[in-house]
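Shown here is one chain on its own, the form predicted on its own, set out as structure tokens.
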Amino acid sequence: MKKIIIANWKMNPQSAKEAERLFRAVAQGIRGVKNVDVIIAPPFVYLESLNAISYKLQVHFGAQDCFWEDRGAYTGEISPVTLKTLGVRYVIVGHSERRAHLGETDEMINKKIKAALKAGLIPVVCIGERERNHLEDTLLFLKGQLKKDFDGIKPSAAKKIIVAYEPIWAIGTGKAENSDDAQKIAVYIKRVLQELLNAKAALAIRIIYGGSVSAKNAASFVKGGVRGMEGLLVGGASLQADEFVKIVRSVALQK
């Protein structure tokens, strides 16, 4: 299975012209890379225009969030069905910044996952602890999040989900998780998913890492095949085309 790298642009850049410039630079830089799926998740307002220039480029699109209803009087929200019509294939759900700043709960995230799956999107479910703890405490916390986020989701549908482990204390700090611990956490997440779903579904779900990813450390997180992280969720570094291209190419070299 291919590694997956998701660029979360968050609330950047500030204009459509800048967004197109960044997108073209990334698309050109990763040309020829065959064993990595690259997903760009720009602000909603750029999805349509970027999709229009993406023909024959090696890039898929993701959204940074969605609502749990297809339609209705929900001012400011966006429907997963609408995202699908804009060419979106993936949607980030439960990012720590939305949990922290907008009060999203695991129950809300669970509903968003179900809505995204129903619309034919691939949810990228973010989990992670707020403060650096002993590994055992982190594992217990993650298990609690997974149990709530995956509640009521059938194994056949869950196989499409991607789980992004993003320790909150690492996001934007320049201090990434130790790659060895990240590997252990990936294995543990698979084990929990096997308990919640079944072995076949757990094996199909890809686990990726996010939190101060850079060109220097990217490769260290994806070593180890199916027993380790199977991709990356990149924030700040995805806004620097050269850096992001280096991340993609360094991951592409890993088996």
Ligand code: 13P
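The structure displayed is predicted, hence computed values, not measured ones. Quick note: we count residues from 1 along the sequence shown, nothing fancier.
The same protein also exists as the form predicted together with this ligand; that form is not shown, yet it is the one meant from here on.
Chemist: Which pick from I207, V222, V38, V213 sits with a heavy atom within 4.5 Å of this ligand in the predicted bound form?
Modeler: If I apply the 4.5 Å criterion carefully, the residue I get is V213.
Chemist: If the cut-off is 4.5 angstroms on heavy atoms, which of these, G144, G172, G87, G120, is the one near this ligand in the predicted bound form?
Modeler: Contact check passes for G172.
Chemist: Would you please decide whether K112 lies within 4.5 angstroms of this ligand in the predicted bound form, comparing each non-hydrogen atom pair?
Modeler: Heavy-atom contact with this ligand at 4.5 Å: absent for K112.
Chemist: Taking this ligand as it sits in the predicted bound form, is E104 in contact with it (heavy atom to heavy atom, 4.5 Å or less)?
Modeler: Answer no; every heavy atom of E104 is more than 4.5 Å from this ligand in the predicted bound form.
Chemist: Whether V234 contacts this ligand in the predicted bound form should be assessed with a 4.5 Å heavy atom distance threshold; does it?
Modeler: Taking the distances in the predicted bound form, the answer for V234 is yes, it comes within 4.5 Å of this ligand.
Chemist: Could you confirm whether E166 comes within 4.5 Å of this ligand in the predicted bound form, counting heavy atoms only?
Modeler: Heavy-atom contact with this ligand at 4.5 Å: present for E166.
Chemist: Among 154-162, 177-185, 89-97, 104-112, mark the stretch whose residues have heavy atoms within 4.5 Å of this ligand in the predicted bound form.
Modeler: Of the stretches listed, the one contacting the partner is 89-97.
Chemist: Taking only heavy atoms into account, state which residues of 1-39 are within 4.5 Å of this ligand in the predicted bound form, ordered by sequence.
Modeler: The stretch touches the partner through N8, K10.
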